[in-house]
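Heads up, the chain below is alone and in the form predicted alone; it's given as structure tokens.
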Amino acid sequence: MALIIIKKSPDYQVAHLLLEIALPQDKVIFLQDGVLFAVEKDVKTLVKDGVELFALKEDFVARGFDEKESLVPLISYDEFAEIVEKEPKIIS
């Protein structure tokens, strides 16, 4: 299991490559401009089954989105920190 952190918007190919390498039971968290993935209609089809997707709520709202628009669960900074502490491997 690994935690993959994506900070770049969907316009960057490296962000898509990080999604492609995610394995079942991995977690992906979108931060900064990466939260734009949270409104992509096909975001869940970009990863393998069993990959958990999250977006940082504060970054999502800071970009003018309403929380209801997110297609993935939104998490707080505290929840983000908890996930980071638990994951032995982090890819960013």
Partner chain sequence: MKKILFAVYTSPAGSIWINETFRSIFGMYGQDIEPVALLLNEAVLAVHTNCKPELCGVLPLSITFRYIEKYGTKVYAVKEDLERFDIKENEIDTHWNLQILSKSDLPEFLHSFDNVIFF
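Worth saying up front: this structure is predicted, and the values here are computed from it rather than measured. Positions refer to the first chain, counted from 1.
Note that the form predicted in complex with the partner chain isn't included here; everything after this is about it.
Participant: Taking 4.5 Å between heavy atoms as the contact cutoff, choose which of 78, 20, 11, 69 touches the partner chain in the predicted bound form.
Facilitator: That would be 20.
Participant: How about residue 59 - does it come within 4.5 Å of the partner chain in the predicted bound form, if we only consider non-hydrogen atoms?
Facilitator: No, residue 59 stays farther than 4.5 Å from the partner chain in the predicted bound form.
Participant: Would residue 89 count as touching the partner chain in the predicted bound form under a 4.5 Å heavy atom rule?
Facilitator: Looking in the predicted bound form, residue contacts with the partner chain include residue 89, since a heavy atom lies within 4.5 Å.
Participant: With the partner chain taken in the predicted bound form, which residues across 24 to 62 come within 4.5 angstroms through any non-hydrogen atom?
Facilitator: Contacting residue: only 26.
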